[in-house]
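Below sits a lone chain in structure tokens, taken as the form predicted alone.
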């Protein structure tokens, strides 16, 4: 059942979402400035006490492993970094914006955020483990790479239910089922949303091209590849539902080839061992997912 004028109808659906808070716009503007410092970032965040509390909660989680508890925003920024804290704020805002109304039938939000958090966490661990240098905040990029799924579900939960059923019954990729049933895929829809939100281009490209890496710009292709590879790994490890239950050889993916072209040493690394060792990140992923879902899970949901 192809839906005519799908893009126009989805854009109308996006219009019903709460607007991007002013604080996100302020943070984006600050991060573009070369002379931005921790006091600037801290001052903006502290305008919203609830947001400050959530950011401090995440900053004190096992994921960051700070040596002692951080009780002030300025200290959190100093220890974690400007980009990281600003991105945590954006994450908190985005989860709130995308929170469904109580009682509304929706996708399994818990499973969605579990996969999204895992993708972001794995991207960070992967870069650290294999000494891959990047300026982009890959945790946030991973966290919002699948945001188009929520928009499709919000547009038509019945259609999304049919898409999920097709992936299980026919063992096909999610984007294949999406294109067949609604004529579009979650990566394109996610790109539309992030473009409308006017987030930095790298986040748009990650959302729009993590299944079509060669369509990404040269400047952002590596970041897209890292998120795409992390997405595959999160799926292999069973973190949430990543949209595809088929097996995959990581070294044969476009994502691995793109990263390896710039970092040839990756070919000699034991990727299988890396994937197995990710069990150590289970608690961190589960903890972050719980914090993000706290108070935002709908009364009724189903896969």
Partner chain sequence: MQAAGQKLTDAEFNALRDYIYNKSGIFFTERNRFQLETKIKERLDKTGCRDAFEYVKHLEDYKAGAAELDELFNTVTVNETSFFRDKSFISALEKNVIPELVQKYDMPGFKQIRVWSAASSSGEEAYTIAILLSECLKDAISRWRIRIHATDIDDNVLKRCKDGKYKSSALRNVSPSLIEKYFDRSDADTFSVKNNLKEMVVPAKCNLINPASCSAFSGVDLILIRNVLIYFDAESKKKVLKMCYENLRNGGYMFLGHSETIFGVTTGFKMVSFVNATAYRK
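Positions refer to the first chain, counted from 1. Model, not experiment: these values are computed from the prediction.
Omitted from view is the form predicted in complex with its partner chain, to which the following refers.
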Stretch from 112-120, 216-224, 138-146, 163-171 whose residues place a heavy atom within 4.5 Å of its partner chain in the predicted complex: 163-171
Its partner chain: the contacting residue among 70, 271, 38, 258 in the predicted complex [heavy atom, 4.5 Å]: 271
247, 49, 65, 264 - the one with a heavy atom within 4.5 Å of its partner chain in the predicted complex: 247
Its partner chain contact at residue 276 in the predicted complex, heavy atom, 4.5 Å: yes
Any non-hydrogen atom of residue 43 within 4.5 angstroms of its partner chain in the predicted complex: no
Interface membership of residue 53, its partner chain in the predicted complex, 4.5 Å heavy atom rule: no
